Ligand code: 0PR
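Read the single chain below, which is given as structure tokens and is the form predicted alone.
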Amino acid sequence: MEERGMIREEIESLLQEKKQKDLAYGKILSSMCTYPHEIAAYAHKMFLESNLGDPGLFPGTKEMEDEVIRMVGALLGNENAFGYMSTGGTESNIQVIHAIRNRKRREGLSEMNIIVPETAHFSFDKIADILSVEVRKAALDEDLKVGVNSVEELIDDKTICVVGIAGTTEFGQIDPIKELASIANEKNIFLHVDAAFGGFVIPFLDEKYEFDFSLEGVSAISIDPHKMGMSTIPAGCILFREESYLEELAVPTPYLTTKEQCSLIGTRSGASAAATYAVLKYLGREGLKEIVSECMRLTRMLVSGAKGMGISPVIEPVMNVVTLSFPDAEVERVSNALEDKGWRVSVTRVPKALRLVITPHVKEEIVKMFLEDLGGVV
């Protein structure tokens, strides 16, 4: 830090310089995030100073957070769900396992494990490290959904949670949550559904899937408004069926306006809560469905164009995530060649494939441009 500050014009110039180094979303096909809706950006700026870590000072902001949890809970089959707004799926997943681990620890269990699909988000690797819980990874079936038999084989008397993914990060697949819920009910095991991406997609698909609180066995869900919910970053939600699990996370906060706090972080952005509140109120279910329908139309358009070149998807897209199949040695070459043309795509692990996410910033002309470049590359 310099001894004397710079004038505003110089700061603005520096900011513009840094901004120009960032990539615009236009040719980014690897990200599950997108530009926030303009109403979300407006609300975010209005509530920049709001701190949900001390909600007694910002009661209006707290009302918006509570309303977001009610709206999202209703979308996911239970408007009476309990939770709070997190920084995103990673924090939400950590806190879900944190809660059930604390309960089982109080009940006298010292060694614990959770079972997740092989396609689970890397946040569960962080969970293993932070919470000292063994993470067992269940095998997938031929459709890249978690194998129910594999899950059952991994369960033992130290299993505290089974995790299903509703919209896998790499393939956009939906695990058989209904079958997992039956297992959870039968064995009295906590079931967490990671719907960070899929939570704002699956309810609006033409095909209907059972994946949320409408299933009796589902105990908790994570969902990210800053992805397909069109909110600002960071905006995630953690929801429990039972309020008692929030109590497992509570710590005393004697010098704040509340007696206790159950969030992982202390200071929390009220701006993100306001942004999410505003965009969900503005769009409603009808607006969210229109966004998903357009993303799915463009997903089908991309797949059709790729098939016209002889390139097949690894699976027929369930959601707005496309994975294109190439020989292993060819995937990296194609990815690098597309990057040379300004595109940002990603590569899945197993099976290896080119991964493309069709989020709201992807327009029809972008898909046509990409297919043209893809044709040139292959």
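Residues carry their position along the shown sequence, with the first being 1. Remember, it's a predicted structure, so these values are computed and weren't measured experimentally.
Beyond the structure shown, there is the form predicted in complex with the ligand, which is absent from this document and is the topic of what follows.
With the partner omitted here, the residue from 101, 268, 226, 145 that has a non-hydrogen atom within 4.5 angstroms of the ligand in the predicted complex is 226. Screening 33, 334, 315, 345 for any heavy atom within 4.5 Å of the ligand in the predicted complex leaves a single hit, 33. Comment: 189 to 197 is the region of 106 to 114, 301 to 309, 255 to 263, 189 to 197 lying near the ligand in the predicted complex, near meaning a non-hydrogen atom within 4.5 Å.
Remark: residue 95 does not count among the residues lining the ligand in the predicted complex, judged by a heavy atom distance of 4.5 Å or less. Under a 4.5 angstroms non-hydrogen atom cutoff, the ligand in the predicted complex lacks residue 219 among its neighbouring residues. At a distance threshold of 4.5 angstroms between non-hydrogen atoms, residue 167 is in contact with the ligand in the predicted complex. In the predicted complex, at least one heavy atom of residue 88 sits within 4.5 Å of a heavy atom of the ligand.
In the predicted complex, the residues of 119 to 137 lying within 4.5 Å of the ligand by at least one heavy atom are, in order, 121, 122, 123.
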